[in-house]
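Just one chain is shown here, as structure tokens, and it is the form predicted on its own.
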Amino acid sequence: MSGKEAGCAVFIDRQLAGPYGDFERLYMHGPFQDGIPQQGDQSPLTPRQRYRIGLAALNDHCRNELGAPFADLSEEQRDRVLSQLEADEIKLDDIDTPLFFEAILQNTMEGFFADPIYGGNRDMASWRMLGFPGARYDYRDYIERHNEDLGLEPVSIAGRSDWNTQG
């Protein structure tokens, strides 16, 4: 199952539209300086701004180099572009390319493994794949049972095993 099929784009859209998207709870006043890796992101850009700038720059790069925006590329071309981004072989205009790629990767993983109530992990696909029973109230009866299939249907925070996030 692809990230798109699992609802990762829906998850990311919802996150960017909420408090995470504008770093609502973070101090966002300068001075902004390049920091060392241990200091994390020192950019004045919010996640929402980083996505807008980064996706526009990615589409410009793809149009210039491959003749089409990223979404219109073949699966093979998209994989190659993503591999090049990950390897820092592409420099996008107006954005710190490694930070942009890391944000996309991190947010996609969050969407793939999050509770479906947040828009990703459609039909609890990743939880079913891993055998994770979900957000159950009580695991005391299972705490000492290691490395075995518990045979439990995943349950979301909403308390339902039939949760479906179609958008």
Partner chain sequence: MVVGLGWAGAIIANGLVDAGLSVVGVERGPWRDTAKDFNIASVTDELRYSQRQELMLRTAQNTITMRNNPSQTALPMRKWGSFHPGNGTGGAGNHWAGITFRFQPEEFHLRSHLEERYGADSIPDELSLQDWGTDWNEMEPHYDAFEKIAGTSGRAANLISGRQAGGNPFEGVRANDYPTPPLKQPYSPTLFADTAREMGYKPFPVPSSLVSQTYTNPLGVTMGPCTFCGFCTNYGCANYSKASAITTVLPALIRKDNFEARTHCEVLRVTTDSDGRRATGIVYVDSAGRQWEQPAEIVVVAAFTFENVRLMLMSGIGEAYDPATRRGTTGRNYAYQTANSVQLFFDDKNFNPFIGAGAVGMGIDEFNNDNFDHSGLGFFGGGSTRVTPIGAAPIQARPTPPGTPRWGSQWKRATVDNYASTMSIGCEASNYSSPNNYLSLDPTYRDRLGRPLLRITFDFTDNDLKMAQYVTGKVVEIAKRMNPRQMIPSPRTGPWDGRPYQSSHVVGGFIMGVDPSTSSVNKYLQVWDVPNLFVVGASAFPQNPGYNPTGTVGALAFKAADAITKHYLRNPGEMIST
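Numbering follows the first chain given and starts at 1. In this text the structure is predicted, and so the values were computed from the model without any measurement. The term rigid core refers to the most C-alpha atoms you can superpose between the two forms while keeping them within 1.5 Å.
Here the subject shifts to the form predicted in complex with the partner chain, a form of this protein not shown in this document.
Heavy atoms of G54 never reach within 4.5 Å of the partner chain in the predicted bound form, leaving it off the interface. Proximity of D41 to the partner chain in the predicted bound form: non-hydrogen atoms within 4.5 Å are present. Heavy atoms of D34 reach within 4.5 Å of the partner chain in the predicted bound form, making it an interface residue. At a distance threshold of 4.5 angstroms between non-hydrogen atoms, E153 is out of contact with the partner chain in the predicted bound form. The partner is not shown here, but in the predicted bound form the stretch 129-154 reaches within 4.5 angstroms of the partner chain through a heavy atom at M129, L130, G131, F132, P133, G134, A135, R136, Y137, D138, Y139, R140, Y142, I143, E144, R145, H146, N147, E148, D149, L150, L152.
A movement of the C-alpha atom of E24 falling short of 2 angstroms is seen between this form and the one not shown when the two forms are aligned on their rigid core.
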